[in-house]
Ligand SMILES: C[S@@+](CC[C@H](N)C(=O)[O-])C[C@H]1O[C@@H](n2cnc3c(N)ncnc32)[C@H](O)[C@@H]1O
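Quick heads-up: it's one chain on its own, the form predicted on its own, in structure tokens.
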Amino acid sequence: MPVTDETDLRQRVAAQRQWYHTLDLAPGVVTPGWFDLRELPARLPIPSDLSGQRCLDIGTFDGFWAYELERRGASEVVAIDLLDRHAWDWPVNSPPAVVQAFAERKGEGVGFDIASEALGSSVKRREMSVYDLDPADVGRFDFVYFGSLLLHLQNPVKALEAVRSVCRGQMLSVDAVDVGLTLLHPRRPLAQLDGLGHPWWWKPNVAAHIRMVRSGGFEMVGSPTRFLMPAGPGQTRERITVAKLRSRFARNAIFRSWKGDPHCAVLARPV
């Protein structure tokens, strides 16, 4: 059953250093997430009725998508994430201070715990890497949500191969895309490589996102869905200045904070 002590819940939400997801935990109790995804489920190709299905949420963080799959009637939802910062895909040149800063932002999974208790959720969270998904360990799933993680992986295709090994139904791959590369090369798979100092590796155009999914052993179901991932109340709007407008990086940051982060959703099934 959901938590009913609203005062205690408000205090626990306020005490959490940072929330990644904006979550409605109780009437009038909303987490100040970095992103506010609450309008997205209706726009993405997720089955409205998941009754009797086993579902997997990869890179769950505060659990928004895991709870959404549960809300749609899934018989079981498993959510995986990595809390151990040393197990992330860090470039070798990453400064220890940056590693520590990202670890503090991620926290110890307290946000997920608070939300799970408040919502009376039965989602099962496991700490494990997407690379380690094995049907002998976790079984197989009818629906897999794989969101906003490919850009953080050194080897996204290897990760998708692991996902394929545990997917017996459909997978929804949702990730950030490069708008410029998409507009300039709508059919040619291209991606920007970062990999310097922080766990951001690849930002593909839409064609490359699709190619990654296909290379991982999936085939498309329908057409990709492009959308802007809205900033949440926990994300400060970038101040617009002439100096920032001269920088491509700063312009992109301004756009993301005011309009949203360009993403693409690809629904697929194992070949």
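Please read these numbers as outputs of a predicted model, since none were measured by experiment. We call the rigid core whatever largest set of C-alpha positions still superposes within 1.5 Å between the two forms. Start at 1 with the first residue shown and count on from there.
Omitted here: the form predicted in complex with the named molecule. The next part is about that form.
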Ok, F218, W202, F61, Y67: which has a heavy atom sitting within 4.5 Å of the named molecule in the predicted complex? F61
Proximity to the named molecule in the predicted complex, single hit among H185, H198, R72, K106 (heavy atom within 4.5 Å): K106
Non-hydrogen atoms within 4.5 angstroms of the named molecule in the predicted complex: do N155, R214 and V271 all have one? no
Want to guess which of 176-184, 112-120, 92-100, 77-85 is within 4.5 Å of the named molecule in the predicted complex, heavy atoms only? 77-85
Given that the named molecule is not shown alongside this chain, does L37 nevertheless sit within 4.5 Å of it in the predicted complex, heavy atom to heavy atom? yes
Is V138 a contact residue for the named molecule in the predicted complex, using a 4.5 Å heavy atom cut-off? no
The named molecule contact in the predicted complex: A162, any heavy atom under 4.5 Å: no
Check Y20 for me: does it contact the named molecule in the predicted complex (non-hydrogen atoms, 4.5 angstroms)? yes
Residue by residue through 38-54, which ones have a non-hydrogen atom no more than 4.5 angstroms from the named molecule in the predicted complex? none
P199: after superposing the rigid core, is there a C-alpha shift of 2 Å or more between this form and the one not shown? yes
Rigid core fitted, is the C-alpha displacement of W88 between this form and the one not shown 2 Å or more? no
